[in-house]
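What follows is a single chain, given as structure tokens, in the form predicted on its own.
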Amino acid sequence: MDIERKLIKRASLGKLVEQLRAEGKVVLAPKKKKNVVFFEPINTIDEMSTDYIATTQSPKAAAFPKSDRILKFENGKEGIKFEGQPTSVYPETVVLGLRPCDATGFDSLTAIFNWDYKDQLYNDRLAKTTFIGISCASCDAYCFCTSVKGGPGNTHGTDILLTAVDGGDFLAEIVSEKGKKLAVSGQQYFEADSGADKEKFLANVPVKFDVDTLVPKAQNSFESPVWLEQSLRCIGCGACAYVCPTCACFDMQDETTGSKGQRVRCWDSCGFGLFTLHTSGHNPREVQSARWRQRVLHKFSYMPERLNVVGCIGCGRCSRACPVDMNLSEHLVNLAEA
């Protein structure tokens, strides 16, 4: 559909949040606790933080939670009984305040969870989620969305994209059918487009490398010495994976109490030494350089080749979170120029 432009005032945005809550929807928005910002449920707009370039964690948990029950089981006299997780229990959810890069991250997750198997848990959650993004008015040295074909005002992946304009109001771009449905239900809060120049209010994110040049180089770099050079700092803590909007590695855990239990899917990381450890004791990625290579090539070689999507959105979270200051964009520049 064609993008429709409207104006929404901040006070009206607050009333829209209240209406969504009254309709029984869960509204997730950035909330700041000390020095970290996470997406958590809010009841009013006053609970939402605006003091962030990128939230500490992305909103991917809206469709791919940190831990997710797959099924319940019970061992009785008649054998083991299984009960799958009913997806009807998932609430209608609105994610408010995600950045344009975060919205594009769901492209990668959707490609992964629908590659050779349609993941019902992920797809059903995503189908019940509406994204209201906010454009980036500022950036920092870690941002490189423009290097992976994104941008601070990119509408792709959002249902409605808000851009702060003069006076604290927002230009509202209604992008999808989900966004149109939400705007119609709250039409009293949307006003006629003021004609503001959107580009004037966006951050200037410099391009650091050409992703079209990087991908073919990554696809031919498996034996490159660059992986050892880049990984010498890495301590394998997994912080990068746990803040990444596109990482989809998970583990399955069975939790039991007596004869009852549940199977849970929980986030994992290919950067952990135990991730590929076989029962035999053999580990095909027994050194950190192999694990670092897997992380980078998965995003910039394997995913483009198999899924036709780059597995990185340029948000810079991994570099901000790294305790030993490994900067992904610097490593990618080195790889592109190698």
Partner chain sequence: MDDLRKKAKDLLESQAVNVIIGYGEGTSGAVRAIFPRKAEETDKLIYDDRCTQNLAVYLMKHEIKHMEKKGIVATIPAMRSILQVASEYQLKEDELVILGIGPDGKLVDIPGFKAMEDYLATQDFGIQEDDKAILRKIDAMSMEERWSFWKDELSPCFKCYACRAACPMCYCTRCFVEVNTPQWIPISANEIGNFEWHLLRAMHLAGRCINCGECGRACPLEIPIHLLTYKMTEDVQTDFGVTAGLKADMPSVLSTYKLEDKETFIR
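Numbering follows the first chain given and starts at 1. Model, not experiment: these values are computed from the prediction.
We do not show the form predicted together with its partner chain, though everything after this point is about it.
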Query raised in the report: Contact between residue 18 and its partner chain in the model of the complex at 4.5 Å, heavy atoms?
Result: no
Query raised in the report: Does at least one non-hydrogen atom of residue 203 fall within 4.5 angstroms of its partner chain in the model of the complex?
Result: no
Query - Residue contact check: residue 272 to its partner chain in the model of the complex, 4.5 Å heavy atom - result: yes
Requested in this report: Would you check, heavy atoms only and a 4.5 Å threshold, whether residue 49 touches its partner chain in the model of the complex?
Outcome: no
Requested in this report: Please determine, with the chain shown alone, which of 188-196, 233-241, 171-179, 153-161 has non-hydrogen atoms within 4.5 Å of its partner chain in the model of the complex.
Outcome: 233-241
Query raised in the report: in the model of the complex, does each residue in the set 33, 36 and 141 place a non-hydrogen atom within 4.5 angstroms of its partner chain?
Result: yes
Query raised in the report: For 245-263: residues with a non-hydrogen atom within 4.5 angstroms of its partner chain in the model of the complex?
Result: 251, 253, 255
